[in-house]
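Two forms, one protein chain; structure tokens for each follow separately as structure 1 and structure 2.
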Structure 1
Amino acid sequence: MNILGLSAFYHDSAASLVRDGIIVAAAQEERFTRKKHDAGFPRHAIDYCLREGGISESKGLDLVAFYEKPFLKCDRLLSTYMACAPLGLRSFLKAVPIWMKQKIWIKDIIRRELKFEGTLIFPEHHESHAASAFFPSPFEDAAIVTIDGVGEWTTTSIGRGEGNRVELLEDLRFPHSLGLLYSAFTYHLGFRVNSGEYKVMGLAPYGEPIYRDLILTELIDLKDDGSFRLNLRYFDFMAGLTMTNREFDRLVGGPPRKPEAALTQRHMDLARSIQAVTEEVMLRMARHAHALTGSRHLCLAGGVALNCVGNGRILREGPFEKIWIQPAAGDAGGALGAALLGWHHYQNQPRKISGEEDSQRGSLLGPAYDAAEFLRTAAIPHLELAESELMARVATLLEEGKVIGWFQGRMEFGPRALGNRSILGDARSPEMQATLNLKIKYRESFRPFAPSVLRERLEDCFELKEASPYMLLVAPVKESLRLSQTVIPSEVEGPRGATGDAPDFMTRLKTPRSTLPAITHVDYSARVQTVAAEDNPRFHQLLREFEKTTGCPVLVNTSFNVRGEPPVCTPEDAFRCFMRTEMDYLVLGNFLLDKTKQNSRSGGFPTAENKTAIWKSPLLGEEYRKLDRSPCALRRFGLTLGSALLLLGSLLFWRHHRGAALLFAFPGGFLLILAGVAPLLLKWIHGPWMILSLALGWVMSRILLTIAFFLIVTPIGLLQRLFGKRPLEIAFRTGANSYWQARTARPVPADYEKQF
């Protein structure tokens, strides 16, 4: 039985294919479209999954699972506007048109896009996350914690996984969200919400947690069991277009930082403080989940589960013996969870566990490519080497301080590079972090890099015993490898905007802290990936070769992309990225490409920007691009508009307005003739007319929605409040011990078919 899982229309659209309970393929749409966090319908990812599964068309699918329930999400959106009205018009006008035109019709869109007549199911957002965390894990039973911004209503859930069942036991609901709290600080610190959260985590060790107590007393009411409520006086995300408001700025002593502006000590302290609070909440939640389920194992998913510092603390300080985190913990992973729910819950099929191994298959679930044809057709200078020779050569190049693009096998599913779409460097080099950040990735200099380490040498380098194959745990660098702090000069200058940074920021950044300076953060921590031969034999072999050459079992491993772009997918993407950066060598399978031997910087390939720069308008560009301009469509346009104008002309003629009638009838006739004789010429009329049409549609819908907001949403919202009905639970309950809400209903198969 083939089950296709989908996530789409919010961020990180993705598709996955599960066959008889086995994960066959999974990929994010952004990798194919080259549009970071692409939220569109995952057409390319679906095509890939079907191809990987040997399914020629969607008739080969038995079930399609969408990762959330659209009606409940719409309910939450409208309830929020009613709770805030008459505030919130701008947000209403921004969000609601997308719902009217797209999100509410998701079921129809899926059917039409896939030409699929079979069964569609809609598990809940957090149930999909929970399934993505538990079903691929190696555990027979586990506690499950899912934490993100928001799904339908749930923002956090605690559940239990056992055999082939996942059950959500308790949850916290919107607007009380740890993900949104972290995003509020991400926004205030001048980073992009939903993608800059890593930067906050990376910045945190430079600061002191001096705002921790302020956050805990003013911004959230945190209970002992990890449940909490946000003080909405300080946040703007419910009714506004920003995350925080002026009250928040007053509380934390300054306005939001402008993107690219200097980072001050205050920013670092804020980052450290919110990170400390997040870790505290995560730890308390983990303890509560343990108390609730009694399990020795924990599974994590949801965007906040990508906070690997928090994950590391749960492993070290929490009550669980083992934890497993879904590598695609964000919304992309929901596609996988939904498909697995289709198999285990909807079809009630058993779950098989194979010993200690998880069934995520190293998260190498994306497409593989043969680079030979690409290199030949594009006439790119390269060297083909036998595997052993390649490994020895690359290890030597790495030892010489070269930066290598490493492209092998199937692409990773999830945000982390795990050794198949990676940029590699020597972790022992004191300059490597700055070189990679400034000359290769073009990103902020403070951002740390992660190490990949041979599984068998893990404990020689890090204070960590458990494997971390998906780079989702942060652990301290081994005490014996740490250095006493001495400042060494570096020729690598700070990034633009760094001149006004905190006075000792660059000094602290450039101070080597261990014999592996490129991967040791200022607090001696590292985000570790362990590489075992059975997970990724080729990458393991390279690490072994590097260890043989240098004695060091560690390499710097960062995702193969530059700032603002998704990681590469194809050999063409890899080559383009290679040529645009100061990377020294590129390895595509067994082919070695030397930068100095390449003909030109561009390699004759269009950049990603060129590929998409067709016609950009912030308001109507997308709709305009989607218009059908085929000869058939142009003929239909001419016939429709010509007939309408002729009809209008006839009506005016009938009502004795002969002059005006001719004004309509002549163009109408002309359009009809063109439609019949030369439809392609109609493109000159079609373009301007459709721009007028789209602009009118945009204006009219906003006018009608504004009227609806003040005449329908606001009165209903005010009446609800007048009669004491609260669509959202907002107030603090200081006397209560907990904010967890019990979930009583267990979904039966028929519930999955509903969009609510």
Structure 2
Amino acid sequence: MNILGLSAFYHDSAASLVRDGIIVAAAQEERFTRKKHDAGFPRHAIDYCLREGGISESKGLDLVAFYEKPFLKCDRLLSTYMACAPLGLRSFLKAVPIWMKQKIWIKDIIRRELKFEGTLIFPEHHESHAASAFFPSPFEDAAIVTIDGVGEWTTTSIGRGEGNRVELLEDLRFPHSLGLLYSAFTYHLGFRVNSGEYKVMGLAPYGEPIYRDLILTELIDLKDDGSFRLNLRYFDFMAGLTMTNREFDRLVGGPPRKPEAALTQRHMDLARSIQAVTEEVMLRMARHAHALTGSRHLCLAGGVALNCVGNGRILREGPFEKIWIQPAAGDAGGALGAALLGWHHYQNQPRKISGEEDSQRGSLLGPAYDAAEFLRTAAIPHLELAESELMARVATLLEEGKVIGWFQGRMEFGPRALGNRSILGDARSPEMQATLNLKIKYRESFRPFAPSVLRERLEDCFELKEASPYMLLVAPVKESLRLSQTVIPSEVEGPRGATGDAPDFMTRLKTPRSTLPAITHVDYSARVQTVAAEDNPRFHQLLREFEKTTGCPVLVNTSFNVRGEPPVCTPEDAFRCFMRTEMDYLVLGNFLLDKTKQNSRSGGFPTAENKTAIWKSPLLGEEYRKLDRSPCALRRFGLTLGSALLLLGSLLFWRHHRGAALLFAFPGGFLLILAGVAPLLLKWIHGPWMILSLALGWVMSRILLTIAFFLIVTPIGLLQRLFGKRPLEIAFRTGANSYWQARTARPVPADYEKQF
């Protein structure tokens, strides 16, 4: 049985294919379209999954699973506007057209795009997260915690996994969300929401948690069991277009930082404070999950599960013996969870566990490519080496301080580079972090880099006993590798200035803290990836060769991309990135490319953005870009418009308005002739006409939606509040001992077929 899982229309669209309970393929749409966090229908990812599974068309599919319930999400959206009305018009005008055109019609879109007439199922968002965490894990039973921004209504859930069943036991609901709280600080610190949260986590060690108590007093009412409420007085994400408001700015002592503006000590302290609060909430939730389920194991998913600092604390300080985190913990992983729910819950099929290993196969679930064909077709200078010779050569280059682009085998599923789409460097180099950030990745200088270490040498380098194959745990660097703290002058860590500026941020950044300075963060921590021979034999072989050459079993490993782009997918993507940066060498399979041997035209491949830029409109950009301009579409346009003008001219002629009739008849006839003999010439008419049509449609839709907001949504919301019925529970401090809400209904197969 072939089951296709899909996530789409929020962010990180993805597709996965599960066959008889085995994960065959999974990939994010962004990797193919080159649009970071692409939220569109995952057409390219679906095509890849079908190819990988040997399925020529959608008739080979038995079931398609979408990762959430669209109508339940729409219910939350409308309830939010009713709770906020008469505020929230701007947000309403932005969100509702998207729902009307796209998200409400998900079932029809899937059937049309796939030409699929079989069964569609719609599990809940957090149930998909829970399934993605538990079913691939190596545990027979486990507690499950899922934390993200929001699904349909749920923002956090605690559940239990046992055998082939996942059951959600308790949850927290919108608008009270740890993910949204963290995103609010991400926004205030000048980073992009839903992608800049990593930056906040990386910035945190440079600050002090001086706002921690303020957050716990004013912004969040946190209970001992990890449940909480947000003080919505300080946030704008319900009714507005920003995450925070002026009350929030006054509370934390300043306005939001503008993107690319200088970072001050206040910003670093805010990052450290929200990180400390997030870790405390995660720890309390983990303890409550243990008390609720009694399990020795924990599975994590949801966007907040990518907070590897919090994950590391749960492993070290929490009550669980082992934890397993879904590598694609965000919405992309929901596609995999939905497909697995289709197999285990909807089809009620058993689950097989293979010993101590998980079933995600190192999360190397994406496409592989023939580099030889690409190099030959593009006539790119390269050197082909035998595997042993290649490993020795690359290890030597890394020892010399060279930066290597490393492209091998199947692409990773999830946001982390795990050794197949990676940029590698020598972790012993004091200059490597700055080199990678400024000359390769083109990003902020404070961003840390992760180490990849031989699994068998893990405890020699880091204070971590459990394997971390997916780079989702932060652990301290071994004491024996740390340099004495006396190398950090006290004046470098000196007092804050009156303006809040960091006294000498770059000096602190460049101060070595261990014998592996490129991967040791300012607090002596590192985000660790362990590499085992059974998971990735080729990358493991390179690490062993580097250790044989240098005595060091650790390499810097960062994703193969530059700032603002997703990790590379194809050899073309890798070569383009290689030529646009200051990388020294590129390895494509067994082929070694030297930057100095490449000619100037080698980097001339157009990017995906360049291919479509000509069709972008300043006013209606995305909709205008998506218009079909093929000869067939232009011919239909000419025939339709020409026929309409001729018909109008005929009516005017019949009403004895012969002059006006000719004004319409002649253009109509001309368009019909062009449509028949030269439809491509119609593009000069098609573009302006469609811009005018879209602009008029945009204006009319906003007028109608504004009327609906004030004549329907606002009165209903005000009446509900008048009679004491609140669409949302927004009270801050209620005196309750816990805010967890029990889940009573356990879904049956028929429930999965409903969109609500």
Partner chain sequence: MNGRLSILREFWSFLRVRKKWWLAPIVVLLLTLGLLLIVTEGSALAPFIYSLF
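Residues are numbered by position in structure 1's sequence, first residue being 1. Rigid core here is just the name for the largest C-alpha set that superposes within 1.5 Å across the two forms. Keep in mind the model is a prediction, meaning the values are calculated, not measured.
Specify the structure that is the form predicted alone; exactly one of the two qualifies. Answer to the question: structure 2 is the form predicted alone, whereas structure 1 comes from elsewhere.
Verify the C-alpha shift of L647 between structure 1 and structure 2: is it 2 Å or more after superposing the core? Yes, the C-alpha position differs by at least 2 Å between structure 1 and structure 2.
Using the core for the fit, does the CA position of G676 change by 2 Å or more between structure 1 and structure 2? Passes the 2 Å threshold, so yes.
Taking the rigid core as reference, does F637 move its C-alpha 2 Å or further between structure 1 and structure 2? Passes the 2 Å threshold, so yes.
Once both forms sit on the same core, give the Cα displacement of T734 between structure 1 and structure 2 in angstrom. In the core superposition between structure 1 and structure 2, the C-alpha of T734 moves 3.9 Å.
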